[in-house]
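Given as structure tokens, the chain that follows is alone and in the form predicted on its own.
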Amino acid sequence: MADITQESANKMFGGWQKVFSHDSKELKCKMKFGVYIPPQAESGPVPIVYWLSGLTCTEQNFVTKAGAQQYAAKHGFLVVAPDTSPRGCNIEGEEDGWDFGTGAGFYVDATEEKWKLNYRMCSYVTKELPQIIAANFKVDSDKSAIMGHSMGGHGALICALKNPGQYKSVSAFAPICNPINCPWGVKAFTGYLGESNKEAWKEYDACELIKKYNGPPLEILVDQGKADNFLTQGQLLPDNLVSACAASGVPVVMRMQEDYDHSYFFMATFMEDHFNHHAKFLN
């Protein structure tokens, strides 16, 4: 394999859960990503599902907690789970908080001077990483889907909406639906994109992108726990996403799940439904 180094490998559901590292050209640092390789990959190219994790996470959270590998093996999907930000860039302030900087790349391409060299997670996820996957694994790059949780749910939505046709399907767990109107998003966008450039903020907001989406049909699936503390704190704003989709004619299924919180216990419960959703478009 060129340009990537295998860090670990574990046999699982007939396939392999592996972790790789590589030197990222976009982020100018060493990055890790998890890859579940299904048993079907032994006989030919398979579809790809990208998973984007939330604040404070690394590639390990999804790999070890989501329980997704069994569904990936059933459907024959290669599942790619990258880290959530650059690491070890020695930028002043990148370790100061859990919701900005390290572990909190927010899937934007930063434009502020301090961050713009390294914090280019949007281009990393949508450009560099797919090239690496295509070069090193038996995949059908024309059959890709994307999903994520919280900050990563935001990332999945904007990556799909900003790149019409690149992903056949998209889904999210408790996504940050309208970041220009929530505290997490305002903090991140102010830091990465600049306080005065509010128009640029809209380019990374799913509710704003839906207003002008003009690509192949996308059917969005979202699960949101009703007992999610961040829902009551106004960080996630799922109603805004539903309203934006209704106004623009973009199909969305928003499932509000009684008693479920923001954790991987919630996600593991409904993970099979999301893989079945993607299978409708990938198989």
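Heads up: residue numbers just count along the shown sequence, starting at 1. These numbers come from a predicted model, not from an experiment.
Form predicted in complex with another copy of the chain: not shown, discussed below.
Q: Indicate whether the candidate residues Thr64, Tyr71 and Ser263 are all in contact with another copy of the chain in the predicted complex, with contact defined as any heavy atom within 4.5 Å.
A: Checked in the predicted complex: all three residues contact another copy of the chain.
Q: At 4.5 Å between heavy atoms, only one of the stretches 213-221, 56-64, 231-239, 247-255 reaches another copy of the chain in the predicted complex; which one is it?
A: Of the options given, it is 56-64.
Q: I'd like to know whether Gln17 contacts another copy of the chain in the predicted complex, with contact meaning heavy atoms within 4.5 angstroms.
A: Gln17 belongs to the contact set for another copy of the chain.
Q: Taking the shortest heavy atom distance, is Asn10 within 4.5 Å of another copy of the chain in the predicted complex?
A: Although another copy of the chain is absent here, Asn10 would touch it in the predicted complex, with heavy atoms inside 4.5 Å.
Q: Going by a heavy atom distance of 4.5 Å, is Ser21 a contact of another copy of the chain in the predicted complex?
A: No, Ser21 stays farther than 4.5 Å from another copy of the chain in the predicted complex.
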